[in-house]
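Before any questions on how it binds or moves, here is one chain, the form predicted alone, in structure tokens.
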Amino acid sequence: MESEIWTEKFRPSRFSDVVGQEEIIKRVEALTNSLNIPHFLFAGPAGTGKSTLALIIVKELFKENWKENYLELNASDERGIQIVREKVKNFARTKSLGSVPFKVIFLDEADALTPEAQQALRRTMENYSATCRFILSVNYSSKVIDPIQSRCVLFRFKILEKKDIERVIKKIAETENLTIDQNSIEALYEGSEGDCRRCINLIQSTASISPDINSELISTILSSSKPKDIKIILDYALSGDFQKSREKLLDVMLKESISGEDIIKAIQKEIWNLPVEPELKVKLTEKTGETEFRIVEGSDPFIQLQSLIASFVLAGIGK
């Protein structure tokens, strides 16, 4: 079916299908086979297999009854204390179906929960431990309060290595009749930065243009998904032309509909390629960090970014 989303189509459904994270898989599989899992805390970057592993655990435990015994919530969408109290409690207080004596709740991006919500979650974990197991997925385990960490077995997921991503790419190429040469594999790995989900999306976008995937095609797709012209904005600023730099910034934000936070990330990467002194790079990096903080806290992104490029103008003048 053409309209299928490949990240779902190629999502592993058994422990043996998962690429990378070998040690984690080994330990989690043994715990799952004993039919008595602890609470899990999966920590690591996006696209490294945390959600996939949670699904595999549930399917292995409950077989065909897995949907009735599994609740998935995304904490970053539903950050409040209420969601933990209501949805989780309502699900946790009813008995599981089948031979396994507990249900499983998967809480994605749990590090987005407020500390108060985490305290509520901790009490829920205590009260319903007989009937419920939690799998928490986070980017940063340090953002999770200690009482929750101490109740979970922590697994740290690493960014996938090139050989792991290569296995995924080759499997997709074989299934979808694509030709992908070694240079393209390199380009896909570089472009995805070890994020398997991003890599698969990249292959699907590229394959929709041509089944013969080459590195030029990948670069085209990548550049359209990244803020282009950031270098031009900074070059204008460093040369002292605030007006042109500001116009180009507005152009990028409106025409390419790129968010302020994405532009900040692109600027951050570009700083280290600029022809300025290392001390100046450090100062500009610091300034970029301050600007990002203000944008995240709710300031107008365009005003903040203008202020940032003004710093680049001053840096250029002072060179």
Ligand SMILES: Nc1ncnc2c1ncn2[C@@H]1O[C@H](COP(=O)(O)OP(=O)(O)OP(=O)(O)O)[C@@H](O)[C@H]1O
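Rigid core (definition): largest C-alpha set, two forms, superposition within 1.5 Å. Residue indices: 1-based, along the sequence shown. Because the structure is predicted, anything quoted here is derived from the model rather than measured.
The discussion below concerns the form predicted in complex with the ligand, not included here.
Visitor: For a quick test of understanding: in the predicted bound form, does each of 191, 222 and 262 have a heavy atom within 4.5 Å of the ligand?
Guide: Negative, none of the three is within 4.5 Å.
Visitor: Looking at 176, 108, 229, 235 here, can you tell me which has any non-hydrogen atom within 4.5 angstroms of the ligand in the predicted bound form?
Guide: Flagged contact: 108.
Visitor: Of 89, 246, 197, 122, which residue is found within 4.5 angstroms of the ligand in the predicted bound form when only non-hydrogen atoms are counted?
Guide: It is 197 that has a heavy atom within 4.5 Å of the partner.
Visitor: Taking the partner as it appears in the predicted bound form, which of 45-53, 62-70, 273-281, 30-38 has residues with heavy atoms within 4.5 Å of the ligand?
Guide: Residues of 45-53 come within 4.5 Å of the partner.
Visitor: Taking the ligand as it sits in the predicted bound form, is residue 168 in contact with it (heavy atom to heavy atom, 4.5 Å or less)?
Guide: Result yes; residue 168 sits at the interface with the ligand in the predicted bound form.
Visitor: Quick check on residue 310: any heavy atom within 4.5 Å of the ligand in the predicted bound form?
Guide: Answer no; every heavy atom of residue 310 is more than 4.5 Å from the ligand in the predicted bound form.
Visitor: Spell out, yes or no, whether the shortest heavy atom distance between residue 205 and the ligand in the predicted bound form is within 4.5 Å.
Guide: Flag for residue 205 set to no.
Visitor: I'd like to check something about residue 17: if you look in the predicted bound form, is any of its heavy atoms closer than or equal to 4.5 Å to a heavy atom of the ligand?
Guide: Residue-level check for residue 17: yes, a contact with the ligand.
Visitor: Would you give me the residues of 9-29 that have any heavy atom within 4.5 Å of the ligand in the predicted bound form, in order from first to last?
Guide: 10, 11, 12, 17, 18, 19, 21, in sequence order.
Visitor: After superposing the rigid core, is the C-alpha displacement of residue 265 2 Å or more between this form and the one not shown?
Guide: It does, since the residue 265 C-alpha is displaced 2 Å or more between this form and the one not shown after the core fit.
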